[in-house]
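Below sits a lone chain in structure tokens, taken as the form predicted on its own.
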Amino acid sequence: MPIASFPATSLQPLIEERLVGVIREFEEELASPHPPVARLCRHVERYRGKMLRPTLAIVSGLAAGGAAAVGSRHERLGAVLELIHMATLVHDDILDEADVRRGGRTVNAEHGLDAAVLLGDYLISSAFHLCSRLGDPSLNEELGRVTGELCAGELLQQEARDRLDLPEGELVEILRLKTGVLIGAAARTGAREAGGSPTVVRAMEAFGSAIGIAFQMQDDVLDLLGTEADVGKSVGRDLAKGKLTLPLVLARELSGPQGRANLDDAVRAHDAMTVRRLVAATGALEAARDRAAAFVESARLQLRELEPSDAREVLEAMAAAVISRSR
């Protein structure tokens, strides 16, 4: 959700300027004198899309402390967050055996599994090298904890594969760990770097975590219904890899015994067309969108801790864009 997609705001030039700085920090950190490494890093630079996490760190800083409080440190912080996010995308594509990301071939499809694994490790290492240059050990500690939670989310998702009786609450916790914690950390650290009060910092973390969960719920709907051309990445991989997503969990809850058995058979057979038809018939897609909308609303309630401002309006728009997007 690029800033250009938001309503016109006087902050747009400043946000775009800071995002240019984020990209500069990102590219400088990944510059390598070794051609094979440089080639892989150039490939992963194509993964940059919505820049949600750096944007959120910048806008949260503006909302918490104003324009004077958001500068080069937020640019570096944004690059750190984006590097961590890129590492998770590389590793996700390995686990999902995905071939397409951002409309192009994934690292594992283009360069092989070994190179992709090592590149993911390289990106994480680069993130914490860059983070250390901010000179704040507590930031390294916090983002280290967040990265551990991201990995825990992946491990929990691996353990839950093919568990057709996965409870909704357990799935939401996986979504929180896989997506919510990093987006929450982006909002939290952005506000804290700008001098936000403890109350505001906590509110921004809750805001980010909630929109992160809603973002992943929308991804679940898109993975089930979207086409590769529309979404810009491989779709249907969740079903193929035995991952239960929110629409499937809700469809099972909304089905009677025979409908549940039919759905389970289609899931086990990886019959995407039948799964789509059965899920749609239960109303689970609408229910999944309602769940995402509820998380967005809970996120928006956190913004009451902020003074009215253009930055707060941008945060409102970011929350709304999470569930209106098609990719």
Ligand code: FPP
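Predicted model only: the values in this text are computed from it and were never measured. Just count from 1 along the sequence shown to find any residue number.
A second form of this protein, the form predicted together with ligand FPP, is not displayed here; the remarks below concern that form.
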item	value
Position in contact with ligand FPP when the complex is considered in the model of the complex, options H111, K178, R76, R252, heavy atoms within 4.5 Å	K178
Contact residue in the model of the complex, chosen from L134, L95, L164, A240 - any heavy atom within 4.5 Å of ligand FPP	L95
4.5 Å heavy atom contact, D220 to ligand FPP in the model of the complex	yes
Partner contact for S126 in the model of the complex: ligand FPP, 4.5 angstroms, heavy atom	no
Contact test in the model of the complex: A160 vs ligand FPP, heavy atoms, 4.5 Å	no
Contact label in the model of the complex: R101 to ligand FPP, heavy atom within 4.5 Å	yes
Ligand FPP in the model of the complex: contacted by all of A87, H91 and T147, heavy atom 4.5 Å	yes
Candidate stretches 184-192, 198-206, 165-173, 211-219, one within 4.5 Å of ligand FPP in the model of the complex by heavy atom	211-219
